Structures are given as structure tokens and as C-alpha cells.
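Shown next as C-alpha cells: one chain only, the form predicted on its own.
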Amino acid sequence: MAANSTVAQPFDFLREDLQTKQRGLWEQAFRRLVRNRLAIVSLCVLLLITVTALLADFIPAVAHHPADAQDYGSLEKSPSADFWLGTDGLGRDLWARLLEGTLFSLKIGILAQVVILSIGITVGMLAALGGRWSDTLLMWFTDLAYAFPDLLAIILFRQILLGREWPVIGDGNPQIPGFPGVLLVTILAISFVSWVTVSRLVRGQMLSIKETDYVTAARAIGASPLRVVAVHMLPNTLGAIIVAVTFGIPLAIFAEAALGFIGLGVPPPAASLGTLISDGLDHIQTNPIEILWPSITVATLMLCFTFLGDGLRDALDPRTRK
């Protein structure tokens, strides 16, 4: 018993030293990120857009008018004090619909990453920590999923899921038919084809981490495999996972916008950025503002997430540590 405690003490010291160094590395990464002005400005813009869209969802006065309210006396109005961005061909407030569409697209982008991380981390860990046969089988399955064109696979999965009755999906709110179902189905469809990158990333990170000295030391003092993964291996992959999520959100938003543009988005009268662009295309000659603002919003979201992802990648890159 005494021998075991004698052996454990140096390893406890090493563990505490490692945790101190990890905290120091995260602090250094944060300082590097703060010095990246483009990334910080992008983060502020993203927070501003997200908070405004959320406030409009919880405080109707922020949007001035209901997003689906039609005023046939104000068809295709120019921007004014009452209608900040004007109205569309059905007299609906473009500002309110832009906020609703932005919130819907952000939900798709963020919630899809939750599902993608759940699938990708699980598959990546099983491939890295399992035997040779499980690694080969899972990577073969990953390569098979990677072979399908993304947009085509998303459309295929979406149509398959919407073509069946599921206990969770249903018709949802009768005022907006199918909205919750389409939201869930779109998230699942995007996730089914986007987890591959995360799984490969996690597998590669864990294959290199599991041979390090601190993982060997943790095993030597009797740590269970679950503890080794949860305490020593998974936290050391967080940097790469955070960067992958930051780049994955705009890809999911763009995929949803593409679906909405080709008529496979949320059904009317609900709005998404893709459906707003599609609706505005019909009035591009008479009311170009209708297509201009949702297009600018999509571009802004994608650019800001990309700049933020670049900043996080530079901040968390070990080669930039001094």
C-alpha cells in the first residue's frame, strides 16, 4: 500500500503540473485571440446579430410588426420609419421577416453542430481507441459517407425523413405548418453528411495523444479507460474541435440557404434566409431591397464565422506559442 502511494505521488505532481501548463496555454490562446482585431470584430458582429434576432423572437416590439402579417395597403413599400426595410409583394415587413429568417438559420447552424459533434466525436473515439478491425470498419464507413455530394445527400435525407411520419416531427404549430418538423429534419439531414470531418479530426488527434507520456502515466497509476479519455484525451482535442465547429456553422447556414433557395426550405409563411432570397429573386427588378438584405446577412454570417474560425485556429495553433 505504501509502495503504491509512493509511486502515485510523483504522478500526482506531474498531473498537477500538466493541468497548470494547460491552463497557461488556454490563457495564452485567449490573449492571442484578443489581439486579433478582425476575429474580435467578427465575434461582436455575430453577437449583435444573434441578440437582435433573439430579442425579436421574445419581444415582438423589436420587429415592429409580426413577420407573417400582411398589409395589402403597403405592398412593396420603400424603407420608412414604420417599415425599416420596406415591405414585400404581400405587404409583410421585411425587417421582421429578416430577423425571423436569421434566427431560423442560426438555429440550423448551431443545433446541427451539436448533432455533428455527437456523431463525429463518438465515431472518432471508437476508431482511435478500438482495435484495428473497428478502426478499419469505421473509417471505411466514414469514407463511404464522405463520397456522397453534400447538397445531394442533404436533399435525399431530407426527403426521406419528411416522407415518413415520425413521433417527434409532426405538424407542429398550426399557424406555421410543419415548422418544427422541417427544422428538425433539416438539422438531421445536414448532420448526416457533415460529421465526417469531425470524426476524422478526433481520430487523428486521439491517435497521437494516446501514446503520450501523461496518458501512459495515467494508465500506470490505475486510471480507468473512461477516465483516461474524459480527463486526459478529450480535453486535449478541444482546440481542434472548437475550430471545426466555428467553420461548420457557416457551412450549415449556407446549406440551409441553398435548400431554401431551391424551394426545399421552411414552408410559408415562415421565413429563412434562403427562402427570403428566393422570394426576393422574383422582385429583383421592382424591389431589389427584398433580395439585397438577406443576401448581405448570409454573406456577413459566413464571413464573420470564417474570420472568427481563422482567429481561433491561429490562437490555438501550437506553432504560434511563444
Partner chain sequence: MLVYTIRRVLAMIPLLVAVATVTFFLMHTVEGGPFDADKPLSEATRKNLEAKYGLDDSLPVQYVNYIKNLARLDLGISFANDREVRDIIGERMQVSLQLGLAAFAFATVFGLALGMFSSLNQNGMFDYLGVFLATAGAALPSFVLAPLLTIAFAVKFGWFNVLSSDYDLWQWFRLDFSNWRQMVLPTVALGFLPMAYVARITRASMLEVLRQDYIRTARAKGLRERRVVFRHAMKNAMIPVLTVLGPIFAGLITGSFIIETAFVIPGLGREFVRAVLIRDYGLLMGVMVFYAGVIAMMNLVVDLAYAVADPRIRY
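Positions refer to the first chain, counted from 1. Keep in mind it's a predicted model, so treat the numbers as computed, not measured.
Form predicted together with the partner chain: not shown, discussed below.
Although the partner chain is omitted here, in the predicted complex all of 258, 284 and 295 have a heavy atom within 4.5 Å of it. Here the chain stands by itself, but in the predicted complex one stretch of 233-241, 103-111, 141-149, 195-203, 141-149, has heavy atoms within 4.5 Å of the partner chain. Scanning 119, 188, 155, 129 against the partner chain in the predicted complex with a 4.5 Å heavy atom cut-off leaves one residue, 155. Screening 46, 29, 56, 264 for any heavy atom within 4.5 Å of the partner chain in the predicted complex leaves a single hit, 264. Shown alone here, residue 137 lies farther than 4.5 Å from the partner chain in the predicted complex, counting heavy atoms only. For the chain shown alone, residue 159 is a contact residue for the partner chain in the predicted complex, at least one non-hydrogen atom being within 4.5 angstroms. Contact between residue 33 and the partner chain in the predicted complex is not found at the 4.5 Å heavy atom cutoff. Contact annotation for residue 270: none of its heavy atoms lies within 4.5 Å of the partner chain in the predicted complex. Heavy atoms closer than or equal to 4.5 Å to the partner chain in the predicted complex belong, across 284-308, to the residues 284, 285, 288, 291, 292, 295, 298, 299, 302, 303, 307, ordered by sequence position.
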